[in-house]
Each structure stands twice: as structure tokens, then as C-alpha cells.
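Next up is one chain by itself, shown in C-alpha cells, the form predicted alone.
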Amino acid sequence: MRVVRLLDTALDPAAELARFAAAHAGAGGLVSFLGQVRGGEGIEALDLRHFPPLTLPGIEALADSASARWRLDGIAILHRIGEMPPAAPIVLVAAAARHRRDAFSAVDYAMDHLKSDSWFWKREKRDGAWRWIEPRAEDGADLARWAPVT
């Protein structure tokens, strides 16, 4: 089971995880990661923009790639777009597998690719002004850990 969705409305992580877990009751491990908008330091909002012809197909390809690398019973990648306040959920990645290590690896892989090789442009509203957020060097280093499968 592969679930990939872009959401322009609120993401309900508890409901999504419950639905995913129920669909994979036979899995030995279910791992998830929830990313949320950082708060503090004057941050008022985060805005995620995207290019529709690339974004959803790119995330679908990422889910397929993770499924090809590890033995998964299922993977879910749900990502918000639009403007969000601090503490709002941005991304939920979950993987179900017979064995926990496959699920952990798949979620880690998906998040590194979403952070570094994604199809989103981010801007942050801080102290009343918007500014674009550039990728960090650490994001590229995280992505480099995943050598192509040969």
C-alpha cells in the first residue's frame, strides 16, 4: 500500500497514523516521522510553494524508490503546501514492514530526500517580513548517505 498526498488543508497526524496502522496490522514494525513548523525566534509562519507537474509525481517516485530498496508492507508520505503557523504539522512519513529496520531506513531515506531533493520552495515569515529559506549544507550531506542501489 502506497499513500502519497499533498494537502492544502490541515494534516491530522493521529488520524492518518491510525488509518495507516490499521491497514498494516500484520506488520512487525511501523515507523513514522512528523515534521512541524518551527516556532520561536520571531517566526510567524512558513509558506511552502510547489510546481504541481513535478511535486506529486516526484513524491510518488520517492515512495516507489523506498519500496524498491527495503521490504515494506506500505509507505505513506503526506506533505502540506501553503501557509502554516508555528507547530502546524508539515510532513508525515510512515513505513510498515515485517522487520523494524526496513521501516526505520525507509522513513529516514524519504525524509532526507524530501529535505534535500524536493520539489518545494520555502519561505518564512519572521518579525513581519517574508524571506526565502535556502537549503542547508547538512541537508546535502544527509542525502549523500544514500548511494544509488546497483
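All of these numbers come straight from a predicted model, not from anything done at the bench. Residue positions are given as counts along the sequence shown, with the first one as 1.
The discussion below concerns the form predicted together with a further copy of the same chain, not included here.
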### Message
Going by heavy atom distances of 4.5 angstroms or less, which of E83, E44, D112, D64 would be at the interface with a further copy of the same chain in the model of the complex?
### Response
D112
### Query
With the cut-off set at 4.5 Å between non-hydrogen atoms, does R69 touch a further copy of the same chain in the model of the complex?
no
### Query
Is there a non-hydrogen atom of D108 within 4.5 angstroms of a non-hydrogen atom of a further copy of the same chain in the model of the complex?
yes
### Heavy atom of A14 within 4.5 Å of a further copy of the same chain in the model of the complex
yes
### Message
With the partner left out here, check for me: in the model of the complex, does some heavy atom of K125 sit within 4.5 Å of a further copy of the same chain?
### Response
no
### Query
Looking at a further copy of the same chain in the model of the complex, which residues in 94-113 have at least one heavy atom within 4.5 Å of it?
R98, H99, R100, R101, F104, V107, D108, M111, D112
